[in-house]
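This document starts with one chain, in the form predicted alone, laid out as structure tokens.
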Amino acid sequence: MSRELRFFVAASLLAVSQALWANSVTIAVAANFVSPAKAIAEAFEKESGFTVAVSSGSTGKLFAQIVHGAPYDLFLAADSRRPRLLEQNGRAVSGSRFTYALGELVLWSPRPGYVDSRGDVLKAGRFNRLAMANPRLAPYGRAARQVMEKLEVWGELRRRLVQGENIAQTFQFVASGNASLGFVALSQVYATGGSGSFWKIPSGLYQPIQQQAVLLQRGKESAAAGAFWRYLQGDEARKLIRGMGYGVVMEGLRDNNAPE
């Protein structure tokens, strides 16, 4: 192959790569929000013609990946702290952070009638294993610990805990029977059709789980990333989010600004 032909092939591949990047968006999504994110992505793709790639994991691990240069355009976290840190350290676009969902925590078991409507099963202690997400990595895990501390059962139950790396793994621990019950997201229980038994934990027992999204620097010049960022704040996305077990911030209280 001649030098001129090699140059032409390399230039062509670069052009194709740039075109594909311009027409697609890669989002890093907290594990609890994967199903809603995929539903939103599907609706967005049909409306916009852009494509969406979804990568999931615990908020803590995704944050670490972004800090180390992972090629994501948007970050949909399960908390507000990591998006704020990314905005502060210049890895996210200033003013692009907003609350896209309010997470709700439940205590769930696949066994009907096992979890009562007040969560007394925790104090009764008639179970071998209790699942929760790692509170150092996952906001839902941190909320679970807050609940147990408020109920004054943390000290007694911590020896029976099995911790998932994220809320998705935590749910699997319970669904598979490796734990009798566990702290999971309401949206996960909705996805089962409401099977089993669960206690929807009062919001006063844990700090609000404000799930925030932020546009990352890699997505700043991407038409696809900007379009998805706007779509996520629109009525259609908000309707999907509400229908899958999350709260949304009231219209007049949303804390987003257009990216610079």
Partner chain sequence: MPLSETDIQAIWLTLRLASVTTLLLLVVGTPLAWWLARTRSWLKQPVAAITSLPLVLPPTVLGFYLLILLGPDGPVGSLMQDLGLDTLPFTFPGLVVASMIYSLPFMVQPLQNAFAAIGNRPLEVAATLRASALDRFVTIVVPLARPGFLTGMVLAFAHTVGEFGVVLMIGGNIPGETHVLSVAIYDHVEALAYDNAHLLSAGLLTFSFVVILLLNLLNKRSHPEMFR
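Positions refer to the first chain, counted from 1. What you see is a predicted model, and the numbers here were worked out from it, not measured in a lab.
Quick note: we don't show the form predicted in complex with its partner chain, though the next part is all about it.
- Residue heavy atoms within 4.5 Å of its partner chain in the predicted complex occur in exactly one stretch of 201-209, 52-60, 231-239, 214-222, and that stretch is 52-60.
- Out of the listed residues G155, P112, G95, G177, G177 is the one that sits within 4.5 Å of its partner chain in the predicted complex by at least one heavy atom.
- The listed set R118, K150, K123, R136 contains one residue whose heavy atoms approach its partner chain in the predicted complex to within 4.5 Å, identified as R136.
- Mapping the unseen interface onto this chain, F173 counts among the residues with a heavy atom inside 4.5 Å of its partner chain in the predicted complex.
- In the predicted complex, R91 stays away from its partner chain, with no heavy atom inside 4.5 Å.
- Although the partner is absent here, L85 is a contact residue: one of its heavy atoms lies within 4.5 angstroms of its partner chain in the predicted complex.
- Shown alone here, V162 lies within 4.5 Å of its partner chain in the predicted complex, counting heavy atoms only.
- Taking the partner from elsewhere, no residue among S24, K46 and V106 has a non-hydrogen atom within 4.5 angstroms of its partner chain in the predicted complex.
- Residues from 100-135 that approach its partner chain in the predicted complex with a non-hydrogen atom closer than or equal to 4.5 Å are N128, R129, N134, in the order they occur in the chain.
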